[in-house]
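The chain below stands alone and is given in structure tokens; this is the form predicted alone.
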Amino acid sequence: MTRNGTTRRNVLRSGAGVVAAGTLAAPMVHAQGTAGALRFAFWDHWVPGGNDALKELAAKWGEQKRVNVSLDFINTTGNQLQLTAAAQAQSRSGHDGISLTPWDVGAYSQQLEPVDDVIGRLVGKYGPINPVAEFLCKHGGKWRGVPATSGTQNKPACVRFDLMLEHAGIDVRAMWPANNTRGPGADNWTWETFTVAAEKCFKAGVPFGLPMGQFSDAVDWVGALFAGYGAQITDATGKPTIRGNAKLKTAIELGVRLSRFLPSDVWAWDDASNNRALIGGKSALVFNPPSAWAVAKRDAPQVAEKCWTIPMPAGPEGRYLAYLPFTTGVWAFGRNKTAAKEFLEFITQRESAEAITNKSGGYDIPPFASMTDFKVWETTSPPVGTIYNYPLKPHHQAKTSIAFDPAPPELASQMYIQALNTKVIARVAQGGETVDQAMGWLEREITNMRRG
């Protein structure tokens, strides 16, 4: 997906010359008695040192297989990673493999090499792959990419446990302790309870830091809220399911009510604003990976030591966790597809995935439920156990979700870029429309996108 109103079609029109803008290159690994060369473009990790594990794994594998491996790390700022993928897909040249943002796997599925053999072996070792990752990666009955560990994130609640206890009377550490059990109040951790707590913290001057703008952090948490209410916007064919949708109406109403207890400028927030609110001690709760906590650990340790990560609230249709997975694809036009697939299998194995997650301080989420027991989530501090509940675990009784599921990739990408789920709430909360009027607007927007 792209941001700032940039569609995949516009990216393609920008031309094939933009192949590696924003690239941070890693030194090439030269292997003696080489059996070929391999080039990969990976997402440039937000966490300092987060790329190091992939560099080390590439060096190790390259030496073992006598393959010269070169890695480029490309950031998503200014859509650089998306521009690179689009340009390479158009020119049918570039890297052998590339990191892809969630909906882009479907957009380029016909130009990606099937990896069913790799997936089959991995599933045989580690069990089922996350169903959202499978939904995004599998097209036409074939796997068109390998779900990645590096860059894949959950967005649960990072809570100032002291502020939540003082102002809302909720002990989140007792409710979700650092072990595989549910504590007192866990069954009542719902969006209704959440909204009541948000009001209390708002009145105390430490409002929840929930963005409502046109950026992924906003789109993702609202997407999980909608999923908890069974509020799908389209069916699997892309046909709108809005008219007469009582579940969607209820979810929008909850979003409007909740928005009244957020900072007044959340409609203009970007993906860094909630981090700043937490780190600055101005917010009792944000939805975020451990990156915000990690920066607080460095810059505001008095804040970090009072943070505790817990699952997102549940709705009438269940508890859903906002999930943003990366995928690594092998281009069908790549020059060394066999080696590329073998390398992807190597970096997805448990030992490699744990090395990647350790380097990012627990930020990266592997695609297998059997890998949610890495020690990094148990031992990281302060306080010890602060991110224990960051990966989805069985006792959470939750499912992962991605906004606009189950829409087709091209349509879902456009809805995500345009942040239709936050905009429909804004039209009521800020624009003064009724919920029915806002839902009518939403249906027209989707209809126009399908025609475009």
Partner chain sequence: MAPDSSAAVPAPRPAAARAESSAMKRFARRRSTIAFLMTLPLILVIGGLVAWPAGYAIYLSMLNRRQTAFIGLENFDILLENETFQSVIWQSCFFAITAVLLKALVGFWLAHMLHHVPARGQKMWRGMLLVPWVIPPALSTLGWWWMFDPSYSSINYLINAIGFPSVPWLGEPWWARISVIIVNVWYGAPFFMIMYLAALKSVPDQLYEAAAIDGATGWQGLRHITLPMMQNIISITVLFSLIVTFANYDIVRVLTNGGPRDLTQVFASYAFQVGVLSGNIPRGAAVSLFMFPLLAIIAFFVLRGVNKRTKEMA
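The shown structure was predicted, so the numbers you read here are calculated from the model rather than taken from an experiment. Positions refer to the first chain, counted from 1.
Missing here is the form predicted together with its partner chain; even so, the following discussion is about that form.
Heavy atoms within 4.5 Å of its partner chain in the model of the complex belong, among the stretches 38 to 46, 382 to 390, 56 to 64, 418 to 426, to residues of 418 to 426.
Taken together, G120, F194 and Q349 are entirely out of contact with its partner chain in the model of the complex: none brings a heavy atom within 4.5 Å. Residue contact with its partner chain in the model of the complex: Q90 places a heavy atom within 4.5 Å of it. Proximity of T434 to its partner chain in the model of the complex: non-hydrogen atoms within 4.5 Å are absent; the residue sits far from the partner. Contact check for F343: every heavy atom lies farther than 4.5 Å from its partner chain in the model of the complex. By the criterion of a heavy atom within 4.5 Å, E199 is excluded from the residues contacting its partner chain in the model of the complex. With the partner omitted from this view, the residue of Q214, T357, Q153, T309 that lies near its partner chain in the model of the complex is Q214 [heavy atom within 4.5 Å]. Of the listed positions (Y126, F135, F374, W267), a single one reaches within 4.5 angstroms of its partner chain by any non-hydrogen atom in the model of the complex, namely W267.
Shown here without its partner chain, the chain has Q414, I417, Q418, K423, A426, R427, Q430, G431, W441, R444, E445, N448, M449 in 414 to 450 lying with a heavy atom within 4.5 Å of that partner in the model of the complex.
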